[in-house]
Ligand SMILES: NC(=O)c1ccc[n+]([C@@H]2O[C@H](COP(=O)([O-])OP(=O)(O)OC[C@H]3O[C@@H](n4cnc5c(N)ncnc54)[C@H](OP(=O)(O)O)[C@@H]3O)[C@@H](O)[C@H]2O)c1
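This document opens with one chain alone, in structure tokens, the form predicted alone.
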């Protein structure tokens, strides 16, 4: 257990899927004990089930949680965040740490509704965090750069933790890592459907698709000193089957289409920020 975080009391405002994923990851990796984690939720039944599963502390109100915790993680839906924060604004203590999981809401918007002395950072996880293979992006305000060590102590054990400046870089992280999982699933659907069209049973086609993507990713991970372009070259014989398919992909400007899709997602992220 990291001595940097073992004595902290950390609370989540919201017991949604990502809260549960993070907490279960912490407990599995012994980042901190269950009795140092606190949570509130609109649905008492959902909160009680989470408490029963993990042994964390369920709290009856946001105000009570804020009073107890050193670190408060804003884990409600983005559209609910600013109003919820405004309602409990007087409860925050000087130098309390606030971490936001809300997509699209910049630090300045949260600061506007909070005590100016609190320290704020944004988090952007992706869903493979659920199996210990995720990415956790983060950004801090200039006044809270000292939070970097805390964030990395909390999340390095359960994810690839990546710092990104707010603005264009954080938007790219959101699209490339968080939305990116959805884009990969979309490609996998195309793979499976094509195999099914060529007489493979749906379950077999799914297994083949998943194993192909998984194998490629694990190979790239294992040979981390090798550039992706070099790995591609290793599986591409001149004038071979793979080369023919790749030539067609390039003629169809698949890269251009993907880049356009990424930029459309970035535009939506900017709209959420407004």
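None of these values were measured; they are calculated from a predicted model. Residue numbers count along the first chain shown, from 1.
One more form of this protein should be noted, the form predicted in complex with the named molecule, which is absent from this view; the next part is about it.
Of the stretches 196-204, 80-88, 183-191, 155-163, only 80-88 has residues with a heavy atom within 4.5 Å of the named molecule in the predicted bound form.
The named molecule is not drawn, but in the predicted bound form it has a heavy atom within 4.5 Å of residue 62. In the predicted bound form, the named molecule lies farther than 4.5 Å from every heavy atom of residue 266. Contact check for residue 43: a heavy atom falls within 4.5 Å of the named molecule in the predicted bound form.
Contact check for residue 175: no non-hydrogen atom falls within 4.5 Å of the named molecule in the predicted bound form. Out of the listed residues 103, 118, 147, 109, 103 is the one that sits within 4.5 Å of the named molecule in the predicted bound form by at least one heavy atom. Shown without its partner, this chain lists 139, 151, 98, 76 as candidates; in the predicted bound form, only 76 has a non-hydrogen atom within 4.5 angstroms of the named molecule.
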